[in-house]
Every structure is written in structure tokens, then in C-alpha cells.
Ligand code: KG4
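Just one chain is shown here, as C-alpha cells, and it is the form predicted alone.
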Amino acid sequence: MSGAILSIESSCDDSSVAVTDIETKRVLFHKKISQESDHALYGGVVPELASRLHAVALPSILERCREFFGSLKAVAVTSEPGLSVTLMEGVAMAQALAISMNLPLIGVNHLVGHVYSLFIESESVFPLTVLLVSGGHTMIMEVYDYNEVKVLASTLDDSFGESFDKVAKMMGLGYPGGPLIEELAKKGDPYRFSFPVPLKNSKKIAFSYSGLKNAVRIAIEKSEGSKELAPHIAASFQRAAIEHLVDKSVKILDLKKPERFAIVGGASANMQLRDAFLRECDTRGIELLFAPLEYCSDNAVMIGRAAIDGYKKALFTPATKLKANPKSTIFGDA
């Protein structure tokens, strides 16, 4: 084995550690501990609670991969963007490991990590047009290399995944909302409610979910908690939310005419979303790429895979100078 990279992910509510072989890109170890059940009690992620849970989970996972320590050539960690208090847990651990083992440290942009979820155990292929849909971000970007990214469109307010979480909370379904809305929608008529498709008549290429979310709120209030109408509300909301994504995305596809288009991020696991984009890309002769379902949500494997390209470019940061940054330096404030 040529050597490996140990990677850490703690940008939000998933504690994850992975070890990846640099030469073969094979995943040697991966463990993720989800905090979903802890945060579900509050209807969303509580940053301080997440930080405390990371402080317990990360060292526990690290103990399980000690057998690989002798082969490590670098340590990588998500350093931006994310929740400041949770990022700090991962960064502090990475700094301690890098200093104590005299290893170079690689700070990885979390959003770049999602792009690299497409290349788990394989070579990276650029340039690539990418739609990122998650609980915190909705954007389309052109990715030319590990650290060369251009944002083409982003959300003006809520993200795609965030809108699902908020609608689920309004409906009393629980957290996280994406899978719950998707499952309930299977029993409903997606055209029962004529929710507005955001920015439908606007030439602006951007995303917005606040207006749709408000329309759904009004429908929920009028339904007075009707269990009969709930599946129809969920299905109609999901249809409008995805139609908005498709509507703005195909404008960019028709303009840029890329050979390949990829969709990444936790919300890309939505099957209705995947089907809608498959149809659009098929009609345009565009190859559509998705990350494996197990790597759609936050994980250290994607961070490790991105770090391999960073390692080969020697993009190291002195351990004492790496900081947890809640905003993205590569993507601006997107």
C-alpha cells in the first residue's frame, strides 16, 4: 500500500471518519454515527448539542481505525462551510493528529467533498456541471478541478432540502423531513394542490423556496390537520419543488450544453428528483451522474476522496493555522 489519508467530517450532525488508500483510492475504513434521533426531538439540528455529540463520537470512531495509523501520509478534515461549533470538533481532532504524528494537514471544502462523492474509488473527471442539493445548499456550478469552481446559480433563500425539513415540521412529521415527505407523497396526488412553481415566469436563473413554503403553510392551516389531505399536500409540494429545480437547471443545460451533468448532496437521494432529471438529460443526450446512495449525505469518505487530489497538489495547511470557517471561501457566501 502506497499510503493512506485519514479524513474527518463534522460539518453538521453526522460524525464520520474514513481511511482511503491514496494510490488505489480504495476505502479502507469508514464509520459514520448519525445524530438524527437526538435532533428529531427538537425538529431540527441544535448546533451546541451536535458539538457535544461529536466530542464523544469522533474519538470513539478514531479508536476503531488505529490499525491504519502506520500507513497514514496525511490527515484531512472538513474545514468549511458548516456549523462553526461542529466544524471545530473535527478540525481540533485533525490538528492534534497531524501534530502528534507529524503529518501534513488538508482542509477540505465540504461542498467540494460532495462533488467528489461521484468519484469514490475511481478517478475524478472534469470539467463537470454539478447541481448540489442538500439541507444547507442549492446551487449549480461548473467544476474544472479540485480548487477551481464557478457558481452559475444559487438559492435566494431556503435550500431545496431545507424546504422539505420545514414543510415536514409544519405537518408534524418529524426530522429529517426529506425522506418523510417523499414517503408520504407516494400516497398522494401531486396535482391535488396547485402550489406555485417558484420564479416560473422569471428569466432569473436562481432558486427560491420561501414562496412555495408559504403557500404550503397556508394549505396546511386550511386543512386543519386532515390526515386525508396530508399525502396530497406532500405530493403537490414535492412536485412543485422538483419542477422548480428542473425548470432553472435545464435553462443552464440548454445554454452550456455540457456532456455530463451530475447531481450531488443529501437531497439527491430523492427518487422523484432523479427520475425527473433522467428524463430531461435523456432528451438532451447528456450523461447524468449520481453519487452512490450511501455517499449522498455527509460522510468522511467523500472528504477523503477529495483530499487525495488535494494531497497530489500539495495543498497543505500548517496545523496551527487551519481554522473552522462556517462560510465557503471557494464558493463565496453561497
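We number the residues from 1 along the sequence you see. Given the structure is predicted, the values throughout are model-derived calculations rather than measurements.
Beyond what is shown, the protein has a form predicted in complex with this ligand; the following relates to that form.
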property: Segment assignment from 83 to 91, 98 to 106, 186 to 194, 162 to 170: heavy atom within 4.5 Å of this ligand in the predicted complex; result: 162 to 170
property: Distance check, K213 to this ligand in the predicted complex, heavy atom within 4.5 Å; result: no
property: Proximity of Q35 to this ligand in the predicted complex, heavy atoms at 4.5 Å; result: no
property: A307 within 4.5 Å of this ligand in the predicted complex, heavy atoms; result: no
property: Any non-hydrogen atom of A57 within 4.5 angstroms of this ligand in the predicted complex; result: no
property: Listed residue that, although this ligand is not shown, lies within 4.5 Å of it in the predicted complex (heavy atoms), from P127, P231, P179, P258; result: P179
property: Of S249, T155, S117, S134, the one that lies within 4.5 Å of this ligand in the predicted complex (heavy atoms); result: S134
property: Neighbours of this ligand in the predicted complex among 268 to 294 [non-hydrogen atom within 4.5 angstroms]; result: A269, N270
